[in-house]
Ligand code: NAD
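Listed next as structure tokens is one chain, alone, in the form predicted alone.
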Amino acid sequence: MIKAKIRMSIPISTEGRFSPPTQATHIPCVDPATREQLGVIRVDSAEDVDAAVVRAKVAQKAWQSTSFDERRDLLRRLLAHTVDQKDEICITVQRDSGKTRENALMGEIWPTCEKFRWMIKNGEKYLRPEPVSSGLLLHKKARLEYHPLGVIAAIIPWNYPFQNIVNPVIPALMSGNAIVLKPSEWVAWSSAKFIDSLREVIEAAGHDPDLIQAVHGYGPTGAALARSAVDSILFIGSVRNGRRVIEASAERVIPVVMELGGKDAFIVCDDADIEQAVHASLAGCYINCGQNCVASERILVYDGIYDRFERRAAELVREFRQGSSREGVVDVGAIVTPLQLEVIEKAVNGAISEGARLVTGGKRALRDKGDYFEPTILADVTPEMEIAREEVFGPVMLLIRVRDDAHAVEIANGVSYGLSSSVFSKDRGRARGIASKLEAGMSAINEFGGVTYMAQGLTFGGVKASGFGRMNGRDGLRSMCNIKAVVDDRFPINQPNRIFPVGKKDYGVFSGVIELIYGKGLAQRWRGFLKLFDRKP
């Protein structure tokens, strides 16, 4: 159950930092763009988590019996609510995350609406029983059935406060599940508002609002949810915390989907349209101030166009406006958490000390207003530098010089991550060939890799340290299901299939059957056929 917001005075420094006590009872919520105190949210205990899961299980028992028409109706109501309340949602997102108004609309509302549209249109198609071949069992029929798992746990990060909530809610509801979310403590204020509003829509539709619940808190609350009696876990976050979730899931042997971030390569071939590639790279590096799991963290540019690419990117980035959208139109906003601001600053300074060349930006900005980092370009970055190997999650473009296609692929694959990727070339065959060699869960040709998210029929997920399992599309929907194999009667034969007692000739007969069906060449198959009539034991 959502806990009521309690306003109280909690000491927060002028830079918005706080160190929660070991036994924290409340989460102080701060606007990172202005350092305005938004209020506090009560921390849920392990007992609160278990109680929420119990309520979800009760609600799910009734929900799993609903028809696809009823589920579509609820999704339509939730979509209508999202469209009607889009301006208020964007304002709430801005205040809790510091992102721009435009990014809140295009990065949170638009993809969410598209996911609703896709699921309403396609969800039933991928959840209906699916006939498959019964092979040699000609008297039988075979099918796959998709049954809900029960209660899904979703442990989600702070970079997309609204989308990260609704993204797992949509397939969970469509597949007949309930869901308990643990949003990041850094966006607890907006998360509580969003989940309360979703619950109101569900209740108004005549269903149990406990189908969607949230538990709020720090690490211990997330750990309690991962170890609770849920039936599956979706985790979006860091590799380190992902390992902890996997360990917790192993205690009860439940399935998990891991989306653990990336270090995406953005390859610009020497025949690419530079203007097209530069603008796409700006989207890849600076959307949501770079706080994006599919951010283009490494821009691999071929020698022949490297200098021109750098000059054009620098011209545009130096014109960026930074600040709070509440004060006017801006291009980039604030960093959501003060801890991430420190990570970005340390990464940039470390790269410069290792020999990277600062082209523009490189330091904190608007210190008197909030938590900002300047849009930054670092050139002459090499694959050996720490910043080229570890996720930055900030507004930093890394320019890496490459010689040719083979060199680009080698560098692109030379990190532990493998989430998304981009390849730019006027020769589409060449671009596709490069993309096919990239170790990634997603690739985009002549586009920023994040656009794959807008094609909701595609899956979303990575390889290597970027995680496993998939969100979105058919496979993401089915990841929330027990995929059950069923063999059924085709004809009412009603005759026993006698296996016991074993006959003396059974081995020889079945040996003949195997050779007849699977043997190599006519001679071996003929021998198998003859064995069927061999009277010897």
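Numbers follow the displayed sequence, beginning with 1. If you're wondering where the values come from, they're calculated on a predicted model, not measured in any experiment.
Omitted from view is the form predicted together with ligand NAD, to which the following refers.
Three-residue candidate spot A223, R244 and C293; every residue lies within 4.5 angstroms of ligand NAD in the predicted bound form by at least one non-hydrogen atom. None of the heavy atoms of D331 is located within 4.5 Å of ligand NAD in the predicted bound form. Residue contact with ligand NAD in the predicted bound form: V40 places no heavy atom within 4.5 Å of it. Shown alone here, A277 lies farther than 4.5 Å from ligand NAD in the predicted bound form, counting heavy atoms only. Residue contact with ligand NAD in the predicted bound form: S238 places a heavy atom within 4.5 Å of it.
Note on the interface: of 344-352, 266-274, 154-162, 320-328, the segment with non-hydrogen atoms within 4.5 angstroms of ligand NAD in the predicted bound form is 154-162. Here is the short version: of D371, E108, D96, E391, the single residue with a heavy atom within 4.5 Å of ligand NAD in the predicted bound form is E391. The partner is absent here, but in the predicted bound form a heavy atom of E185, alone among E185, E310, D208, D231, sits within 4.5 Å of ligand NAD. Using a 4.5 Å cut-off on any heavy atom, the one residue of 417-441 that reaches ligand NAD in the predicted bound form is L419.
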